[in-house]
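Just the one chain here, the form predicted alone, laid out as structure tokens.
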Amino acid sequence: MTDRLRVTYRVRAPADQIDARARGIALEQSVEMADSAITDPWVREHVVGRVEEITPESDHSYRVVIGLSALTVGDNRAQLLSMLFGNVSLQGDVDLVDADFPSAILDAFAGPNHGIAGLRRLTNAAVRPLTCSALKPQGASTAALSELCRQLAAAGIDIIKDDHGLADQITSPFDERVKACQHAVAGSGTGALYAPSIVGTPRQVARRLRVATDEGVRVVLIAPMVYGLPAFGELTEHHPDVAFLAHPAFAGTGRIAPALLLGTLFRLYGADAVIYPHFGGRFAYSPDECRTLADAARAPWHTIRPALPVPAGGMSVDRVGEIVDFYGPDVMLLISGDLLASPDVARQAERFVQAVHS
């Protein structure tokens, strides 16, 4: 741990230009002015970004580590994002790869409210992997979604979440759906939890979260990049009794390494569990990316609780053993399509639960 925020970028530049390019990034991400215009010795010593490392990766590609002063961030959640990848995100030859945070910054973040241990307590799953499935599709009625919720809960699935596309559509209004689905899990007798999708502006989200918790909901689904990562951090801090399941929608729009964004930053801003695409499904994440992301979510880190990785995206019940072998027991498996495509959804859900419990 250093006293500076050390940010790693991947920069594409010719060898004879990389030194100047790295220096330009350090200036852009700290003082946003030419080096020759910095006349204050204190600013030069304590605020101006420093090029700490330049490491070749391949032809015209380099890992560049920039040291930035922690005082430029303070305890401001939005400012942290600006310092990590503000102006240089507009430069197409730069990707944000990693970051090492000083304790002066980490102390301003509470991280997950529950983390892995708390989610295990909520689901009464002491050591095994957790199970999760989603209510789909958009356009289905509240009656159809709550009946599906009942079947999945009866099968013993731990967390049954709304699909992230479910919001407050006329076919299944939010208040109506939450009441019906929460009633379905409460009546299952299995301890299953329902996680409604909370979508909207800050005012709408606050209202819908209140509706959900008034019904007895303990876990909610939210897409931090759709809602706004700094606002998400404030939301999690103000609702310590709620567990937040973070969805990756809109997280692929920037040039930020998935492990840093989904594994590290989502965790830092308060995600108790993080959904992301597992390799071999509908998306193109590699095994190394998945492992690095899961490690970022779970590894010991200052006082920040570990978050539970939730691999998803086209997984099947037949792959349960393989996925558990890959991640170990501290994982939540999210399987939906393979259950819903079955002619006997309830039986396929039972197979899913049995495969994880065995």
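We number the residues from 1 along the sequence you see. Note that the coordinates shown come from a computational prediction; the quantities given were computed from them, not determined experimentally.
The discussion below concerns the form predicted together with a further copy of the same chain, not included here.
- Message: Contact check in the model of the complex: Q182, V242 and A259 versus a further copy of the same chain, with a cutoff of 4.5 Å between any heavy atoms. Do all three pass?
- Response: Spot residues vs a further copy of the same chain: no contact at all.
- Identify which of A186, A143, A117, L71 has a heavy atom within 4.5 Å of a further copy of the same chain in the model of the complex; exactly one of them does. Contact with a further copy of the same chain in the model of the complex is made by L71 alone.
- Of Q79, T213, T190, S103, which residue is found within 4.5 angstroms of a further copy of the same chain in the model of the complex when only non-hydrogen atoms are counted? Of Q79, T213, T190, S103, the residue with a heavy atom within 4.5 Å of a further copy of the same chain in the model of the complex is Q79.
- Message: The chain here is shown without a further copy of the same chain. Which stretch in 56-64, 317-325, 28-36, 294-302 comes within 4.5 angstroms of it in the model of the complex, by heavy atom distance?
- Response: Going by heavy atoms within 4.5 Å, the stretch is 28-36.
- Query: Though only this chain appears here, would K136 touch a further copy of the same chain in the model of the complex if you measure heavy atom gaps against 4.5 Å?
  - Reply: Contact check for K136: yes, within 4.5 Å of a further copy of the same chain in the model of the complex.
- a further copy of the same chain contact at L340 in the model of the complex, heavy atom, 4.5 Å: The answer is yes: L340 has a heavy atom within 4.5 Å of a further copy of the same chain.
- Message: Taking a further copy of the same chain as it sits in the model of the complex, is L90 near enough to touch it, meaning that at least one heavy atom pair lies within 4.5 angstroms?
- Response: Although a further copy of the same chain is absent here, L90 would touch it in the model of the complex, with heavy atoms inside 4.5 Å.
- Heavy atom of R121 within 4.5 Å of a further copy of the same chain in the model of the complex: Flag for R121 set to no.
- Query: Of 196-212, which residues get within 4.5 Å of a further copy of the same chain in the model of the complex if you count heavy atoms?
  - Reply: Those in contact are V199, G200, T201, P202, R203, Q204, R208.
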